[in-house]
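Presented below, as structure tokens, is a lone chain in the form predicted on its own.
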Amino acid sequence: MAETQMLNYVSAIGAAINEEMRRDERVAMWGEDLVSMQGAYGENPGMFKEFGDRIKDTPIVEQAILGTGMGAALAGIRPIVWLMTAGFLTIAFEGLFMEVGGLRQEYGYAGPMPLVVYCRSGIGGGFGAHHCASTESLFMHSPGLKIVMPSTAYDAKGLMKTAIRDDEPVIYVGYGALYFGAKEPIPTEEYLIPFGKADIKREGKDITIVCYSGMVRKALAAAEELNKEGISVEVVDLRTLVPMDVAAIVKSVEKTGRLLIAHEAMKRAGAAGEIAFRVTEAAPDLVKSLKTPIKRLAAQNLAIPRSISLDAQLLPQVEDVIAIVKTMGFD
């Protein structure tokens, strides 16, 4: 039996970064309050002494952090730049969307650009949009960015290692509410998780729920309750939005005949619409034969308030998942 160690989500990310920095001296990391906050975001304090100048604090200027990361990647470094929150990505939007995402297509550049843009998302604490926004759908539209959004500590480690080794730019979005949650057994031996391969977090036969990041745990909790009422839910965790494992979704829906897509980003122009249409394009006959139309569940189309009491009202909760599933032809 393989050896494991108990790690929470944020420590699993830190373990991945540690291992990759030891494996490859070209890996370096810099960003906002990285050293001064002493590992609050997954980089255990010991690594600051171990790796020295390969980990640096920067001024809080997102455009500069991203720009130096892009330049370093083009010069042969394998940088991880920490922009703290997915909301802060919008401050560096032009550079990330146009320059990092569009460089290959615009200039015909065929060489490597191994840049990991690391941040976290998730509403909570009443901190407002810049600290809590879910901006993934904005960057799905960029031509050259991969987008990673893990839901477990196991996935968080394996996907971070894959991101660091990738020769193309990757946006890696952790989920803040999971960072210091329950510990999971994580293999001590090396493993990587490939991009574009969804994971069936729970098997079922009556309905498929496709989700990612923090919404996965809500879908699993809802599945437990629905199972008590005789409704068997299959939970498909995409893990990466770009590339997207459409084949896994189609295979699941072929079995269940129903599809619900759920995420914590706003509904309007969110990832759910893209996912639904990708399924429709890939399997039009399947979509025509569904037992009920495809549905989506997402956050309200509102600005994120600076209010702890209002945060939960903005987002879909476990009871919302249960309620919408029950409208999908189980009478």
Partner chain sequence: MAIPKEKLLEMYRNLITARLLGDKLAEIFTTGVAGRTGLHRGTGEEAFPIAIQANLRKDDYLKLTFRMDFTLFAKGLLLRDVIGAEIFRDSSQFGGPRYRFFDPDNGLLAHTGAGGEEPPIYLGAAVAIMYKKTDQVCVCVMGDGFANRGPMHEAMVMSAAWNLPIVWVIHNNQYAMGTSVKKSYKIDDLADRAKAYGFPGETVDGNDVIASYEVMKKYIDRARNGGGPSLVVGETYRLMAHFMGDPQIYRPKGEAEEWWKKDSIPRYQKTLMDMGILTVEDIDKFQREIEAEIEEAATAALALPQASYENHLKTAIDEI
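Positions refer to the first chain, counted from 1. Keep in mind that this is a model prediction, so the values were computed, not measured.
This protein has a second form, the form predicted in complex with the partner chain, left out of what is shown; the following refers to that one.
For the candidate spot formed by 94, 104 and 278, every residue has a non-hydrogen atom within 4.5 angstroms of the partner chain in the model of the complex. Among residues of the shown chain, residue 144 is one whose heavy atoms approach the partner chain to within 4.5 Å in the model of the complex. In the model of the complex, none of the heavy atoms of residue 230 sits within 4.5 Å of a heavy atom of the partner chain. In the model of the complex, residue 300 stays away from the partner chain, with no heavy atom inside 4.5 Å. Mapping the unseen interface onto this chain, residue 33 falls outside it, with no heavy atom inside 4.5 Å of the partner chain in the model of the complex. Contact with the partner chain in the model of the complex, defined as any heavy atom within 4.5 Å, is confined among 230-238, 176-184, 150-158, 106-114 to 106-114. Taking the partner chain as positioned in the model of the complex, the only residue of 166-187 that brings a heavy atom within 4.5 Å of it is 168.
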